[in-house]
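Heads up, the chain below is alone and in the form predicted alone; it's given as structure tokens.
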Amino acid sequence: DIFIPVVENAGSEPVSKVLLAFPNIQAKNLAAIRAFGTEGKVKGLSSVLPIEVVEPSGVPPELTFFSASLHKPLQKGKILHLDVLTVFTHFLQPFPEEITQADSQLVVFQDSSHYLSPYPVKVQTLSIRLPGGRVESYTKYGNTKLVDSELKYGPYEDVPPFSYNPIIVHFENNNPFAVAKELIREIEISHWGNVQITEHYNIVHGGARLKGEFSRLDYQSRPYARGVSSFRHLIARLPARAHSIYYRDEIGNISTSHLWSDSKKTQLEIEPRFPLFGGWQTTFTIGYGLPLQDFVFSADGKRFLNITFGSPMEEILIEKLIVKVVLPEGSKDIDVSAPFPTNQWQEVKYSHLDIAGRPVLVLEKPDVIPEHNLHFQVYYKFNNISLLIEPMMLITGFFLLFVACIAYMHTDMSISKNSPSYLAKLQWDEVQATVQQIQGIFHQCLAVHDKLETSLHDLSRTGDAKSCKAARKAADAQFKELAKELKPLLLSVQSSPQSYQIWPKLDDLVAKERELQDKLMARHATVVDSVEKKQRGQDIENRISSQQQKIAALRQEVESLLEYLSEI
């Protein structure tokens, strides 16, 4: 919004300030205001006038006042040419608030056809330049004209102070309503020759919300008819010598982007993974490097960063901008000079090879617009000797690593033969070897068991009781021989301090095997005796059935214990 009043001092005293009034409902969305003035009947070269918020007495409480301070008082009868630039956010409201994919976006503009001035106005006019397209409706007064895309109200003469004449304009506006809910811009300075910029965007389409389903087929076939209210790309205008440029989101690198560069500028066209309709949002990150000598300078014993504050994308509104300036480790006496008020605080960031961390100056500002993309300066002191800290840390680290390797190669790391751990290992190895021998003896016992079973099968087939008795006698002799071999081995294991875990199982195995041998020999004798007495086969089975079940259970327990010992 630009208004150009010509101010005349009709009073008797010089005037050093000019009041500017805005309704509170507009003032809360005022993102920027600037005033330029020049004195004289003919407009000449204007100079910037300082502006501040004031609270004059005796004025309506529904208004917010700003004061533009003149460089020199305006004398009686003198004329001041004043140019005032104001930028408002969220001033255009979508109406309707929801539209389909094929609809154009309509917005409502509300204001006053009279400039809300605290002073009497002799003559004034209002010109509203629309973006083109159709105009649904507008407030009509007697001196209202719509010519092409320009709507004019006035001229109005002898308008009293604080005169307000409401107007509403309902028109088509399909320009991108790109709003950054939050932008975190990190500027990291490295005195090794680079300034790294990383920008994290959370973008939303702030226009009329999409109603119904989205058809990608319709959008791709007729994008200007089936998606006119959406936008699918943004332009970032980067410095000419920007390098190592990337564009990605949470998924990874986004290839739908284009880069152009020449000697004056570098332009990055960013295209999200999907077009943005009203209410849709996306997040992404862009990053690039800049030459240190183009943005960091020295003056009065200090270094200072001189870089723009806002986003390189001129067509977006940033509701919350956070700028983080990461200075080299060891920086001190940090100060900032910004062309507008910001919230400021300091943090510490740790990166590779940092000891005390890198100081971070944080600047925060709401409602940032392209007019805020001005240069600001961050001053700090930095000793060049600090540049040697990280290389020396690397050199020292590698040196210590090589020394450690040399020491390791020349050091005997073997365990002493007199140490308790070494002796315990030897004892455990002896126990394992003895247990393996014991396992072999028990497997021989099981083989003898199988021979006894085989002799009984032969007896049932041939009826040769004499051969069966001979087999039992041989088995008994083998059992006794194996028992003699087993005894010293069991004593050896029992006497070892490392057998406290294995001995209970081993003792149980010995008891089960002895009981199994007794049962087998008793059953064998019963069968042979029954065959000699010419008893029927069914009677024999009845006599040994209980013994047979016990023998099977014992055999399974013995095999389970042997398997347990094998696992150990």
Partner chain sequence: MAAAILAMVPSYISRSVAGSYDNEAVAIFALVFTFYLYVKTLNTGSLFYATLNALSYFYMVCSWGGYTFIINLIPMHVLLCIVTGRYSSRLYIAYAPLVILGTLLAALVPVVGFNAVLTSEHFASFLVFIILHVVAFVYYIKGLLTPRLFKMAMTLVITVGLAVCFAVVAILVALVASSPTKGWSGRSLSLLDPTYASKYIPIIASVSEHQPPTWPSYFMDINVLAFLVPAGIISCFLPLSDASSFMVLYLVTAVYFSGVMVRLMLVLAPAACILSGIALSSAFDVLTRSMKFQLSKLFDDGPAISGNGSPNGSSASTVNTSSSKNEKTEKSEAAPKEKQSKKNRRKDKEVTESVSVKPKKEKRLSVLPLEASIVSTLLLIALGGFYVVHCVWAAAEAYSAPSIVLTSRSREGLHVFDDFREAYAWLSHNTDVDDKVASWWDYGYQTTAMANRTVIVDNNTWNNTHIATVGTAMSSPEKAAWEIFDSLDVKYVLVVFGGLVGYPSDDINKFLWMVRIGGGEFPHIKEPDYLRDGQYRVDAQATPTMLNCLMYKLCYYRFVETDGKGFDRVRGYEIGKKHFKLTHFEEVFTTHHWMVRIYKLKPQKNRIRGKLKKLKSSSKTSSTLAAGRKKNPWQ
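Only a predicted model underlies this, so the values are computations on that prediction, with no experimental measurement involved. The term rigid core refers to the most C-alpha atoms you can superpose between the two forms while keeping them within 1.5 Å. Numbering follows the first chain given and starts at 1.
The discussion below concerns the form predicted in complex with the partner chain, not included here.
With the partner omitted here, the stretch from 142-150, 261-269, 321-329, 211-219 that lies within 4.5 Å of the partner chain by heavy atoms in the model of the complex is 211-219.
Mapping the unseen interface onto this chain, residue 280 counts among the residues with a heavy atom inside 4.5 Å of the partner chain in the model of the complex.
Though the partner is left out of this view, residue 403 does not reach within 4.5 Å of the partner chain in the model of the complex, counting heavy atoms only. Though the partner is left out of this view, residue 301 does not reach within 4.5 Å of the partner chain in the model of the complex, counting heavy atoms only. The partner chain in the model of the complex comes within 4.5 Å of a heavy atom belonging to residue 62. None of 396, 253, 384, 337 but one reaches within 4.5 angstroms of the partner chain in the model of the complex through a heavy atom, and that residue is 253. Taking 481, 158, 450, 347 one by one, only a single residue has any non-hydrogen atom within 4.5 Å of the partner chain in the model of the complex, and it is 450. Contact residues in stretch 143-172 (any heavy atom within 4.5 Å of the partner chain, taken in the model of the complex) are limited to 164. Once both forms are overlaid on the rigid core, the distance between the two CA positions of residue 560 between this form and the one not shown is 2 angstroms or more. Remark: with the core as the superposition reference, the CA shift of residue 447 between this form and the one not shown reaches 2 Å or more. After superposition on the rigid core, displacement of the C-alpha of residue 29 between this form and the one not shown stays below 2 Å.
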